[in-house]
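What follows is a single chain, given as structure tokens, in the form predicted on its own.
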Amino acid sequence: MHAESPRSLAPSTIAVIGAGIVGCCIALELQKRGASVLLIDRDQPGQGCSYGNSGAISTSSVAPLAMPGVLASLPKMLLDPESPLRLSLAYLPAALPWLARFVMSASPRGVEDAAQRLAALHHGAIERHEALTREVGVPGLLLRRGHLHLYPDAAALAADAQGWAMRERFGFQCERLDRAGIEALEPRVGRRYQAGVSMADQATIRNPLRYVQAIASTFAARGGQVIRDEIRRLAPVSDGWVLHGTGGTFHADRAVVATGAWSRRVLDPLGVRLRLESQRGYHVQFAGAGDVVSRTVVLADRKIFVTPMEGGLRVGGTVEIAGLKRPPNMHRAAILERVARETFPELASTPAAYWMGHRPCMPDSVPVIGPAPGRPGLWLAVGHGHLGLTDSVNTAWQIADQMGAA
């Protein structure tokens, strides 16, 4: 756990652009350190990727998405419409620069470096989320019952040996289970799954949207400004930054960009080049079926997360690389629905609703957190990928600590 000794900030105005979980956590933390903060987003807080994520606080997720041998999986990404990692053929030319760096990052040295950096960022996240849920008045949203990863058989589990060895090397406790062990924890899981790994030290947020809303409401109640506007352009001036929105112009001493997959729209014109790509994710929510499982369950062979949410059972996953502009491909959500009904037969007649969102991903799976190179007063909190919820609080502390030391 990080030492709880926050650095105070000199009185100043800081604009945080983006009101997802990362931006809201940053705004609240900066406010607590003494800054006057503007929180600006084109939508209401939590309406983007934060709305539909699977709720996992997964501090054990130290393995980057690009692991050794990933190049061999590219044909399946292109040709198999049901692959958990899917690349749109039409989007391939635009995705090639990112894909090249993705493949390059899968070297043993690159993977080890990414794992070290992710483990450091994750450290103490569950305890900080626990404290934050209490602070913003929603302690009941944090579920500390661990995560259960499931495999069809021992051979499938063995195929993931590298990832599990990495988790254990970073100190995470992994308990192997047979079918009887799975049933003892989650008796409603279908017979397909005969092997598993229980990780008791992981957690879940049972309503990510309500969590973000509670953080934003606390920030506003303490005097923070929540502004509905789309920032189209940032301009450096002698005493800070001017933010040009569709509805107004704002001035701040410093600015933080936390706009997820859309961050390049304001950063590219400034010459701040990030290899950022949207990994489009889908979920299916089964109304009123939140008691089907009692913790986050991961169907590891299909890269699918099953989560007991306040509003029902959420089944999320898949990675689709197809950019920001193409409409959702709801066939991806239909795959999730089919797998969920096969795995949990009692969902047979339960109605389901579909959703798609944009995860902002860097090729090596490590977010960019800190000052923008060559742009004094501009800060970045971008590229959290599948771990934005997990790392939101620690990102906020890191940004606030760095600003306090600057």
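Every value quoted in this text rests on a predicted model; they were computed, and no experiment measured them. Sequential numbering from 1, following the sequence displayed.
If you look for the form predicted in complex with a small molecule, you will not find it shown, but the lines that follow are about it.
Contact annotation: of the candidates 312, 281, 224, 240, the single residue with a non-hydrogen atom within 4.5 angstroms of the small molecule in the predicted bound form is 281. Although the partner is absent here, residue 363 sits far enough away that none of its heavy atoms falls within 4.5 Å of the small molecule in the predicted bound form. Among residues of the shown chain, residue 367 is not one whose heavy atoms approach the small molecule to within 4.5 Å in the predicted bound form. Contact annotation for residue 377: none of its heavy atoms lies within 4.5 Å of the small molecule in the predicted bound form. Not displayed here, the small molecule is approached by residue 230 to within 4.5 Å at the level of heavy atoms in the predicted bound form. Picking from 352-360, 367-375, 338-346, 30-38 the stretch near the small molecule in the predicted bound form, with a 4.5 Å limit on heavy atoms, gives 352-360. When contacts are defined as a non-hydrogen atom within 4.5 Å, none of 14, 121 and 393 contacts the small molecule in the predicted bound form.
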